[in-house]
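Read the single chain below, which is given as structure tokens and is the form predicted alone.
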Amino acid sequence: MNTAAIPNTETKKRWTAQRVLHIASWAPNLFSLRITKPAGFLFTPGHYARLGLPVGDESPIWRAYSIVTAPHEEFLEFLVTVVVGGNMSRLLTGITEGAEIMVESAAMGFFVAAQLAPGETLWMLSTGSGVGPYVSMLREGSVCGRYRKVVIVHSVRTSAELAYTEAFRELAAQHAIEYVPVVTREAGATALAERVPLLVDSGTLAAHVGEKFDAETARVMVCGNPDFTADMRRVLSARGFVPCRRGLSGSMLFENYW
């Protein structure tokens, strides 16, 4: 039972106030925020939740963040990128353990692996905090049973931003998962250092992993900054990948709430 949850009796159908349990800093611009889980809160890996501050304010700031935890875990965790000059970032960087934060009652989103058509290899491509939903999916585990191999690619500027590296390595030791970190601004930090769209377009990523990157057998999920997702859409479309539509399976799926 979540004894730390503090419901707001006037608007409890829309949001509840939850307590901050833990804050973990990865880099000056990136941290994980763990909070209590609202009673009865349901979500599918890939969904996001909207967080609000200040608590109880008549005009709070609401922002969407992908859920990092698996549905069976007793708390919620989010990977947060600090936006310079951002109003929500200013509030979140000032929050402390034990403080309260609002969570909307319903999780949302369509970035769910089940939307993809059956395939052999699942490529999870991400930049920065876009890696968050993949952590949830792999911790939940069912996605691993649907593919012969899962490849998680995380591109960042500096090695300090490679959040959840140990978690990915532990998962890779248990399942058919390959973790491919890509650091673009530290020479020699990782085996691959170019932007992911270039690595895919040139065939370098497929050669590095030893798997084909074609629309017949590969399925691709893309989550990250707008330039990255736009470039990946062009690269994948040129290779014959088909986007998922509501109610229709496809071979590529994008997160669009950024």
Ligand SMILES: NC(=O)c1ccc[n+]([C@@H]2O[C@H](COP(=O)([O-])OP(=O)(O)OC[C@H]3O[C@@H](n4cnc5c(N)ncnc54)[C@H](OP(=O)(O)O)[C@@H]3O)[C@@H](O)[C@H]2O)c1
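What you are looking at is a predicted structure, and each value in this text was computed from that prediction instead of being measured. Heads up: residue numbers just count along the shown sequence, starting at 1.
As for the form predicted in complex with the ligand, it is not shown, yet the points below apply to it.
Asker: Any chance Asn29, Ser155 and Glu161 all have a heavy atom within 4.5 Å of the ligand in the predicted bound form?
Answerer: Yes: Asn29, Ser155 and Glu161 each sit within 4.5 Å of the ligand in the predicted bound form.
Asker: Gly119 versus the ligand, in the predicted bound form: is there a non-hydrogen atom within 4.5 Å?
Answerer: Contact check for Gly119: no, nothing within 4.5 Å of the ligand in the predicted bound form.
Asker: Look up in the predicted bound form whether Pro197 has a non-hydrogen atom within 4.5 angstroms of the ligand, and give yes or no.
Answerer: Pro197 belongs to the contact set for the ligand.
Asker: Mark Gly128 yes when one of its heavy atoms lies within 4.5 Å of a heavy atom of the ligand in the predicted bound form, and no otherwise.
Answerer: Yes.
Asker: At the 4.5 Å heavy atom threshold, is Ala114 in contact with the ligand in the predicted bound form?
Answerer: Output for Ala114 is no: heavy atoms all beyond 4.5 Å of the ligand.
Asker: Name the stretch: of 212-220, 189-197, 51-59, 31-39, exactly one has residues whose heavy atoms fall within 4.5 Å of the ligand in the predicted bound form.
Answerer: Comparing against the ligand in the predicted bound form, the contact stretch is 189-197.
Asker: Given that the ligand is left out here, which of Ala172, Met108, Ala99, Val82 has a heavy atom within 4.5 Å of it in the predicted bound form?
Answerer: Exactly one residue meets the criterion: Val82.
Asker: Does anything in 107-121 come within 4.5 Å of the ligand in the predicted bound form by heavy atoms, and if so which residues, in order?
Answerer: The stretch 107-121, when checked against the ligand in the predicted bound form, contributes no residue at the 4.5 Å heavy-atom cut-off.
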